[in-house]
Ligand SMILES: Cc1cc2nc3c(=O)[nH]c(=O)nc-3n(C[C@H](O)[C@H](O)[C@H](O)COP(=O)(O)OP(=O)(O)OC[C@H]3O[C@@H](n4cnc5c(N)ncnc54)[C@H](O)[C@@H]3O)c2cc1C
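Just one chain is shown here, as structure tokens, and it is the form predicted on its own.
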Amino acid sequence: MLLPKFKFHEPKTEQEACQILTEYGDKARPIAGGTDLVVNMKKKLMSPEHVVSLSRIASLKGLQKENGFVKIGACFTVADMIEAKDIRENVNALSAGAAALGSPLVRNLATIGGNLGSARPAADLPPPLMAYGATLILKSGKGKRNIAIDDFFKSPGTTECRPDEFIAEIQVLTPPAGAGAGYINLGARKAQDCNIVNVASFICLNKSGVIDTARVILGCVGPVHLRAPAAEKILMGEKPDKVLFRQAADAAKTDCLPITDFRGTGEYKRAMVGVLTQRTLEIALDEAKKNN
């Protein structure tokens, strides 16, 4: 399939990118690795008149641990995320999400910003980032603004990012002692296939071993990635064990809105939400005990 005609821009600074996006507004789309946008353009699902590549902007490719945060530039590749020590040692569930994304070829091109900006309900990186309570830094010619990742996704393919904005950075607060997280995805194949269900869980234990904080994120079972409030409510203020996790997993099944499609029935997806919720909570608990 041929790409539609468009004008290609390669700004070298964030300021230049802002100027181009301000000038062309909703006629332009930013691109990083292109693993989502190019496919959608070939399918004629998108046809921007201007494509603005962010891949030459050095400031968008960095990774640093600073002031208690892991800060990841939007053009940091998924392959580099897997190898990054600061991610693996501080937010390991995000590393697991990166390792689960696509094939090696895709991971070498795909970026964290692109995976978020595509707003696919089956994407691998939003659940762990939501589990950690990440914040996105959006930039435009008007300046920058911070938005909690929980508020970023509006509907499939749609985010809070305005036409003149781009994702510049993702900030994740380094989890405290006693915290742990887990991520698992379920797909028909190991790579190059859309997820059927994916789940991320985060818990933080206090000094008495009681769960002070709990977040459970469900993917592929709603128009956007969903928090599981019923599951989180069961977990809060309790000491973790298999019985508690089983109860939370059953509750998570009531928090989702799966549909039947060619990947599976709604009933099957709901059942897998329960299975993956319990397993990710067990992973989170193992990590929390090691970090306590």
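Just so it is clear, the structure is predicted and the values come from calculations on it, not from any experiment. All residue numbers are counted from 1 along the displayed sequence.
There is another form of the same protein, the form predicted in complex with this ligand; it is not shown, and what comes next is about it.
Contact annotation for the candidate site: Pro128, Leu136 and Phe202 all lie away from this ligand in the predicted bound form (no heavy atom within 4.5 Å).
Taking the partner from the other structure, this ligand in the predicted bound form has a heavy atom within 4.5 Å of a heavy atom of Val39. When contacts are judged by a 4.5 Å heavy atom cut-off, Gly33 counts as touching this ligand in the predicted bound form.
The shortest heavy atom separation between Thr213 and this ligand in the predicted bound form exceeds 4.5 Å. With a 4.5 Å cutoff on heavy atoms, Lys253 does not count as touching this ligand in the predicted bound form; it lies far away. Distance criterion of 4.5 Å from any heavy atom to this ligand in the predicted bound form singles out Ala100 from the list Ile196, Ala100, Ile87, Ala179.
The partner is absent here, but in the predicted bound form a heavy atom of Leu109, alone among Ile147, Leu173, Leu109, Ile82, sits within 4.5 Å of this ligand. Residues with any non-hydrogen atom within 4.5 angstroms of this ligand in the predicted bound form fall in just one of 128 to 136, 88 to 96, 111 to 119, 213 to 221: 111 to 119.
Residues from 166 to 184 that approach this ligand in the predicted bound form with a non-hydrogen atom closer than or equal to 4.5 Å are Phe166, Ile167, in the order they occur in the chain.
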